[in-house]
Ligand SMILES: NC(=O)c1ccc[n+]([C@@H]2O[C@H](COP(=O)([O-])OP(=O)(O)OC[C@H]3O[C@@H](n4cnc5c(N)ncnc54)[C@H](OP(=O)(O)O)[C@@H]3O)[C@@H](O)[C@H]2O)c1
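Quick heads-up: it's one chain on its own, the form predicted on its own, in structure tokens.
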């Protein structure tokens, strides 16, 4: 199977490097106008990089991984070069199946919303297969994505927009919490390096416990919290300042933006 990667940023690199592991049947072509990132990725996966899209051989699957504002230029560059029977995987947030179909003149489109933990072989890929994607291609693509992270397949395209603020944007919320905690710890006189590592290991261990425990997040939270204790006081401040409400509003705003982008 031939996979053409159009846009070779960090997320595309994470997905394609994972896909290529142990799959000698996957022939990979990479393309960026500047060539540099395409060449870097091609070297990692033993593929072939192209600076001119006209020189790229036809592929079975095209992974569209450019920035959303670059989509029109990319689609124009590949006008007439992409077989209408090819399958396009898009990882562009808020970009609908119909938009991809119209831009690239294809019928078979797969929307994927990855998240940055895919860079370390973890995290989530949310996937939607449009009806025209046949079972054989769907099976192959899902198997490739499962090499990079957990995969959740949705039956309705709008569910991808619903998941995006949680899985797609979710890492940013955790990273912001980590920044706040580490900065606060440094301010209390703890060594900057130690502050960073203490927070990183705490959040990593907590996420691992959450994933592997049979208990809910609420139960695990309560297991840390003794009435009148240190954790209790911190959570009391968060509750009194309506953390649930603020976070809910943030997620609603992100969801609304995802829906706006998909129009």
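Residue numbers count along the first chain shown, from 1. Since we're looking at a predicted model, the values are computed, not measured.
Another form, the form predicted together with this ligand, is not on view; read the next lines as being about it.
Although the partner is absent here, residue 180 lies well away from this ligand in the predicted bound form, with no heavy atom inside 4.5 Å. A residue is said to contact a partner when one of its heavy atoms sits within 4.5 Å of a partner heavy atom; residue 10 meets this definition for this ligand in the predicted bound form.
This ligand is not drawn, but in the predicted bound form it has no heavy atom within 4.5 Å of residue 45. Looking at residue 222, you'd find every heavy atom of it more than 4.5 angstroms from this ligand in the predicted bound form.
From the list 61-69, 191-199, 208-216, 231-239, the contact stretch for this ligand in the predicted bound form under a 4.5 Å heavy atom rule is 61-69. Listed residues 145, 82, 100, 74 were compared with this ligand in the predicted bound form; 74 is the one with a heavy atom within 4.5 Å. Note on contacts: among 92, 141, 110, 160, the single residue with a heavy atom within 4.5 Å of this ligand in the predicted bound form is 92. Within 4.5 Å of this ligand in the predicted bound form, a heavy atom is found for all three of 6, 34 and 116.
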